[in-house]
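Have a look below at one chain only, the form predicted alone, in structure tokens format.
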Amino acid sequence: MTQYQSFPGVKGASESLAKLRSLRLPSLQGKRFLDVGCNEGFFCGYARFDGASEVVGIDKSKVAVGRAQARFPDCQFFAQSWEQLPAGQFDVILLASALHYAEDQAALVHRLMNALTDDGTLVLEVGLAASARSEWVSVKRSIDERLFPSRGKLAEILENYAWKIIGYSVQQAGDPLTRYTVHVRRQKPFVFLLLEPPGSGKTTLCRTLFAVAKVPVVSGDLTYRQLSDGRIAASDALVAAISSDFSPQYDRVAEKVLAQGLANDLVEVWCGRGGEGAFAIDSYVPEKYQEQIEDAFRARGYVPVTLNWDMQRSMSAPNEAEKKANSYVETLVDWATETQASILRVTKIRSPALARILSGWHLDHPVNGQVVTDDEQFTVAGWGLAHDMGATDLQCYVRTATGTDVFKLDRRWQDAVKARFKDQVDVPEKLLHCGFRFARNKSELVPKIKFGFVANGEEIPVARFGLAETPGDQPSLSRRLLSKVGASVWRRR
């Protein structure tokens, strides 16, 4: 199994910390949390860190569940599919980057919603296909072809729920579609609020009340987006404030606009979109600016009526979510000193012969710091290129305490070849097959595995695989990594 989630000192295919920030999970203090498709348990670990009373993760991969349990022994992990959810109801359920794998995506969403408590939140990370219609769109990815919903189809699936697209999620290499974070809750009768922060239910209130009553609704989120695109006429100051470093975190946009004294300019735009007569505004306004907004409407002949209700928000504030995510990663480093899990150490070997024989090589797996459980194999994968375009005898090898195995470089790796021979018009087909991939056992890591290449009968060692000597060995590496490449980001407040 390849490394998907990332931890301090362990680089996976997914940018787990950035994804955690974009999910903007609600407070988990004292709540039951379920991660559907939990992989190695990164988000389950965060739920434990944030004070959840019970944390459960499910995944079809026994290897992933084994790794998760090794990292977070006080969480519960089950190797099972989403066709059978754990018993009981949950306050927060997470389904990240997995909806497109379901045979019946709508049925899965409804099943998860039925597993929520009355005040629970389903957090979806989902790719949306570009289509003006409500439909499923078949999308070809690098590894397969899957169906993705358009925004209209997502709205159709969620029409009986309270839901909101929070913003963009993390775009990963090879993603054919933009990913979004969506928070979904059960619909409930509302006591009206239209100027409170995102996640309070005001957009759903507009859908369920004002649309039925045929009262026009002006969406603040849509207005900000169209102003940033130049599709709405407004004052130069308002357009400049919104367009500068625009992002779909609309609570931050509102704070920036109103802090610059542009309440009148904003209300002028809202009135132009509302038409003549009554209309509703669905837009967050910080409490300290709400009186300015009311006065601006009064000056234009309106009677402002602010609707209020007390309801738990479905998401953390942006700054709070970022602080918790940063603090969680630092805590993961501390927790690593206490774990008894086996940690794999990858050490590169300097070789004078390397540059003479190879024009380039890369080891994708294993990665330094990954957890290795007793009953799993780990993957060795990557690519190597000889200097000579006509070379055909390049191989790789592993040497263990019991012997040496040699492997062909027979996997197609076009990106590596194109990067190396970018000026070459016709690259031989045989050269495109420069990759390798095979599995080894944990037992071979003692004392160590030596990995390298064989070219023209000459062995070139390039790396050693072994186990960290003590539980505290890997966290010290993680701390050095944090200090070297990410301290300003991980610890930003």
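The model shown is predicted, which means the values in this text are computed figures rather than measured ones. Numbering starts at 1 and follows the sequence shown.
One more form of this protein, predicted in complex with a small molecule, exists but is not displayed; see below.
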query: Among the candidate residues Lys448, Arg437, Lys442, Lys60, which is the single one with a non-hydrogen atom no more than 4.5 Å from the small molecule in the predicted bound form?
result: Lys60
- prompt: Among the candidate residues Ser97, Gln187, Ser219, Asn326, which is the single one with a non-hydrogen atom no more than 4.5 Å from the small molecule in the predicted bound form?
  reply: Ser97
Contact stretch among 248-256, 210-218, 129-137, 98-106 - heavy atom within 4.5 Å of the small molecule in the predicted bound form: 98-106
task: Could you confirm whether Phe148 comes within 4.5 Å of the small molecule in the predicted bound form, counting heavy atoms only?
output: no
query: Is Trp335 a contact residue for the small molecule in the predicted bound form, using a 4.5 Å heavy atom cut-off?
result: no
task: Although the small molecule is absent from this view, report whether Gln80 comes within 4.5 Å of it in the predicted bound form, heavy atoms only.
output: yes
query: So in the predicted bound form, does any heavy atom of Lys19 sit within 4.5 Å of the small molecule?
result: yes
